[in-house]
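Okay, here we've got a single chain as structure tokens, the form predicted on its own, with questions on binding and movement later.
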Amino acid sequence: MKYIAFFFAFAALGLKAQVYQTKTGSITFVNTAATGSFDAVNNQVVAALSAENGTVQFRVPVNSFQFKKELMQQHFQENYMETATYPNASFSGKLVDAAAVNFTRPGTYNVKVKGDMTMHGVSKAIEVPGQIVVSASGVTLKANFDVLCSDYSINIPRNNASSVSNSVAVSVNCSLTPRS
């Protein structure tokens, strides 16, 4: 139900141009520390993009990140991300130069997106470089950037400092189709 409200937010804006959306976008992250690394993937990312004004929105159900080890997933959800209190992460922003992307012409466009990312109850203004790939079937949003856990009040206990890094490499790959 919350996802439906998310997409109706675009309709409420009265947008006449094409809106692209997905409920199955992908975000992965890798955390590399002194004693090794671990990664997780989330294929339940909800994303939307307005071709008219360059508005971009993401909602990430944090408990949908999948780890190779079940215990690691439990620690991530309960001890670090506290998903019972903060079930979603989100981003709301705009393309810095939306006019540089021709949504009617297939191609790859380098972009920057500027907006607010909210995670673990903390909102922070960020600017992320990325790509928009326009194809006959829709658009794909791609980005790679780092997030500091400390920026979002995600505490890493001292006894885990050698196995969990403050810096997390995030990769976004979301294929969006036109909203019908």
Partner chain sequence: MKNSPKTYIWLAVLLIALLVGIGVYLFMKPAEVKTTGKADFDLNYSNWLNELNDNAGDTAAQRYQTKKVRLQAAVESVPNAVDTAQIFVLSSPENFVVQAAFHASLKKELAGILPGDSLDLLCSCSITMPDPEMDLLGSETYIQLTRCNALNWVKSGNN
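Residue numbers count along the first chain shown, from 1. Keep in mind it's a predicted model, so treat the numbers as computed, not measured.
The form predicted in complex with the partner chain is left out here; the points below concern that form.
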inquiry  = The chain here is shown without the partner chain. Which stretch in 107 to 115, 55 to 63, 141 to 149, 128 to 136 comes within 4.5 angstroms of it in the predicted bound form, by heavy atom distance?
reply    = 55 to 63
ask   = Is it the case that 31, 124 and 171 all touch the partner chain in the predicted bound form, with a non-hydrogen atom of each within 4.5 angstroms?
value = no
task = Answer yes if any heavy atom of residue 43 is within 4.5 Å of a heavy atom of the partner chain in the predicted bound form; otherwise answer no.
result = yes
query = At the 4.5 Å heavy atom threshold, is residue 88 in contact with the partner chain in the predicted bound form?
reply = yes
query = Does the partner chain get within 4.5 angstroms of any non-hydrogen atom of residue 165 in the predicted bound form?
reply = no
key: Partner contact for residue 99 in the predicted bound form: the partner chain, 4.5 angstroms, heavy atom   = no
request  = Enumerate the residues of 142 to 169 that have a non-hydrogen atom within 4.5 Å of the partner chain in the predicted bound form, in sequence order, or give none.
outcome  = none
